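Take a look at this single chain in structure tokens; it is the form predicted alone.
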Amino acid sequence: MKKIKKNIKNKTWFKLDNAGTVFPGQNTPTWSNVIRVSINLKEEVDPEILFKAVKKCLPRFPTMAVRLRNGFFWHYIEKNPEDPVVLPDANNPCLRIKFNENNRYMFKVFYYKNRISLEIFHALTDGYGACVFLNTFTAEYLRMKGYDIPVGGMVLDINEKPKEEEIEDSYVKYASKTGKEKIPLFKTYHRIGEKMPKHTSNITTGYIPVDKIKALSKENGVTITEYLSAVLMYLHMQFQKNENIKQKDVCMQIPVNGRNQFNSQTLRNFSVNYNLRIDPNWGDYTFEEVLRHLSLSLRLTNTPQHLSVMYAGNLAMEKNPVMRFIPIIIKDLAVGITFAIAAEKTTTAIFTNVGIVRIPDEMMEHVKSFILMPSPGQLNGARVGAASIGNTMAITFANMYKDTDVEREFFRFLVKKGIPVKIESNKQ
């Protein structure tokens, strides 16, 4: 085992995981595929100490301390010998990663007052992996400030060598060998409006008590993710109905962490997206009916068997004997064209919930809140990320439209249900 760990630490290059192979081809000026996670501390951030903490932690994350390289047939990542970059926070979060900037790292670390933020290219990891990376170097930052912070939960031991299980491609490991799934395409409703200026977006975060939303969800016999996703779905159905247009399916996209179903410790990508839809032409739906439909649909599909089949579908291009020997420049072009045609057109809104961010109690004493923000899209006005730490849940909308009626009605809905909401927004 010691030999394996040593080899991992000294390895100079890695294949992208299966999910990561498509993201370089989707990286355009209007689409970033960047995940942003932020931790708000109770004291102002010292950027010099933060830089030292990030640099010290990088050897513990070999698949993040990398730069992108282009092979003839596939992209790959190799060890980056340069120092990471720590920057003052920007007014336009989640801009796409430019591979020749930022010392060629595919993540950026920002600071603003008491906030530390990590933006990371989705080709490297998913929301869970981003949370572990951010929490680990934030814990080291606090240690350098003189606080005694142990390891545990989403804080890794940086003195421990990287584990083989943390860098594995779990899609390959858990993909079905026999099952196949056909992914149908539907015409889907979108709440659209006048777009914000290029590279800007409306960011709105609502803070709610975890115990209150947990009790409300339990009262309705559903999970927090199911309840909040149903609110988004129901509101979009009402918006479409009021527009008096030809009714299309309303589709909620919910990313699911495969680590909850399989024994995976990977810090790379291991999530897939479920698309759950309702056809309004079938008749009117109350919120309770939408909630029941979404909850039952998600529980019916979110099984190890179904996930395995979805992983197998994701592997189809990589295993295709023809695609394997097509030059990467043509692969990227094909991915880009496919994405431009389909993109977000099959989904109305997205709700991604990383769940409870678990850190040691000694670190919690220095933390106010934790935020997960998805990158703004090209079409969906409601791209929503949620994360909970302590008794505070942060729900963040990334909206490229000037109109913020979706998030306004979303939080009003919760207030009417007895959930207190504190709002923060960059909207002037």
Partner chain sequence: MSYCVNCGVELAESSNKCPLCDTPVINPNIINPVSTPPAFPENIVIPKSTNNRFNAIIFSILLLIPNVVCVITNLLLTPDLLWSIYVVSSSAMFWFLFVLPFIMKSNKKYLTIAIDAIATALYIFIFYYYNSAQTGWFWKVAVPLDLGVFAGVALLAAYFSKKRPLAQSLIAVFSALTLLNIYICLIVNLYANVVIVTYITIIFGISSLILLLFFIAVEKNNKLKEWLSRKFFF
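Since we're looking at a predicted model, the values are computed, not measured. Numbering follows the first chain given and starts at 1.
The same protein also has a form predicted together with the partner chain, omitted here; what follows describes it.
The closest non-hydrogen atom of F411 lies within 4.5 Å of the partner chain in the predicted complex. Interface residue remark: N91 is counted as part of the site for the partner chain in the predicted complex, having a heavy atom within 4.5 Å. Taking the partner from elsewhere, Q238 is found to have every heavy atom lying beyond 4.5 Å of the partner chain in the predicted complex.
The shortest heavy atom separation between I224 and the partner chain in the predicted complex exceeds 4.5 Å. K198 is the sole member of K198, R358, R299, K218 with a non-hydrogen atom lying within 4.5 angstroms of the partner chain in the predicted complex. Residue in contact with the partner chain in the predicted complex (any heavy atom within 4.5 Å), chosen from V231, L95, I158, M144: L95.
Heavy atoms within 4.5 Å of the partner chain in the predicted complex are found in one stretch of 281 to 289, 107 to 115, 253 to 261, 122 to 130, which is 107 to 115. In the predicted complex, the partner chain lies within 4.5 angstroms of at least one heavy atom of each of the following residues of 407 to 424: E407, R408, F411, R412, V415, V421, K422, I423, E424, in sequence order.
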